[in-house]
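As a starting point, one isolated chain is supplied in structure tokens, in the form predicted on its own.
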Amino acid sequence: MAVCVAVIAKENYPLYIRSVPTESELKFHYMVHTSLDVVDEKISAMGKALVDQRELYLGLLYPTEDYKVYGYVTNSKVKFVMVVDSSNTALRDNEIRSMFRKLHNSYTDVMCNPFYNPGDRIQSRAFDSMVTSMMVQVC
């Protein structure tokens, strides 16, 4: 089950963060923040290959006892971070990848909105409902 979804801007500030158990929201914010170092490491390690292959999915960034943190980066260097419950062993890598594609498509729809200023927090109801349905779907 996805417990936290975050969209991070190119300059590493959050555009959108949503977590399911609101009691642990601060813990998830910390996990997302610490995962940005791993994302930057993976991007710099790929270097030019990232542009050539068009592979945006970064895979598992790091596991903890209770959660696994996955990453995805767009061509414009916007980062998507997803925290998934480790107890869900049925969730496979290709399912995580398709969830990120869905998130990326919805983010593209937000960016195409003429009333959205790039760099502002995402407050789209459609984006929020897509993230909610994605979290519920995986449960």
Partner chain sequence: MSWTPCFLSMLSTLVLGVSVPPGALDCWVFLSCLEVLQRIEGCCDRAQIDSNIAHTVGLWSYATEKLKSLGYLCGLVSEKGPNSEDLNRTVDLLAGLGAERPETANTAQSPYKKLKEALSSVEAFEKHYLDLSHATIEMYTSIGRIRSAKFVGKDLAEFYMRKKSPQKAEVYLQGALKNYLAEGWALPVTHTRKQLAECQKRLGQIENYLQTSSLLASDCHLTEEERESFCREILSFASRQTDSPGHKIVLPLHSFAHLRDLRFTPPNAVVHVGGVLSVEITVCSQMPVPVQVEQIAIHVHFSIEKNNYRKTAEWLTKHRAAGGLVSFPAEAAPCPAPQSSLPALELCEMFERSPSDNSLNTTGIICKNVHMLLRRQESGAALEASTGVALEDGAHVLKCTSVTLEPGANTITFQTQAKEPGTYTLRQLCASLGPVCFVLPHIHPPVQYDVYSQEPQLRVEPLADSLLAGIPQKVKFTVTTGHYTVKNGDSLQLSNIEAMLILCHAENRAVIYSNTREKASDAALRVQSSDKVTSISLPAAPAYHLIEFELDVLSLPSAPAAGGESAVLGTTEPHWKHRDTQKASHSMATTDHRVSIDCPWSIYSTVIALTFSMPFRTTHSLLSAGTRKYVQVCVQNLSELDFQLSDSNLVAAGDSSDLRLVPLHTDSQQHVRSEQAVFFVWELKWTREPPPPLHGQFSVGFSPASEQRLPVSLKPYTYEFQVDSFFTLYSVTAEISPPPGAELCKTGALCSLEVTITRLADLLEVDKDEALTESEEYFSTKLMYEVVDNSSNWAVCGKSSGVVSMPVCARATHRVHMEVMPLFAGYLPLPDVRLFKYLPHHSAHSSQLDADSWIENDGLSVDKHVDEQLDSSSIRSRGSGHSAASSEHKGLPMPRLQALPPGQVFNCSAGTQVLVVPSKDDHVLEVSVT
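Remember, predicted model here, so these are calculated numbers, not experimental data. Positions refer to the first chain, counted from 1.
The same protein also has a form predicted in complex with the partner chain, omitted here; what follows describes it.
J.: Under a 4.5 angstroms heavy atom criterion, identify the one residue in Glu95, Asp37, Asp85, Asp109 near the partner chain in the model of the complex.
T.: Spelling it out, the residue with a heavy atom inside the cut-off is Asp37.
J.: Among Ile8, Ile17 and Glu41, does every residue place a heavy atom within 4.5 Å of the partner chain in the model of the complex?
T.: All of them do, each having a heavy atom within 4.5 Å of the partner.
J.: If you check in the model of the complex, is Ala45 within 4.5 Å of the partner chain, heavy atoms only?
T.: Contact with the partner chain, no.
J.: So in the model of the complex, does any heavy atom of Glu25 sit within 4.5 Å of the partner chain?
T.: Yes, Glu25 sits close enough to the partner chain in the model of the complex that at least one of its heavy atoms falls within 4.5 Å.
J.: Is it the case that Thr64, even though its partner is missing from this view, gets within 4.5 Å of the partner chain in the model of the complex, heavy atoms only?
T.: Contact with the partner chain, yes.
J.: Under a 4.5 Å heavy atom criterion, is Val73 part of the interface with the partner chain in the model of the complex?
T.: No.
J.: At a 4.5 angstroms cut-off on non-hydrogen atoms, which residues of 18-34 are near the partner chain in the model of the complex? List them in order.
T.: Read in sequence order, the residues that approach the partner chain (within 4.5 Å, in the model of the complex) are Glu25, Leu26, His29, Tyr30, Val32, His33, Thr34.
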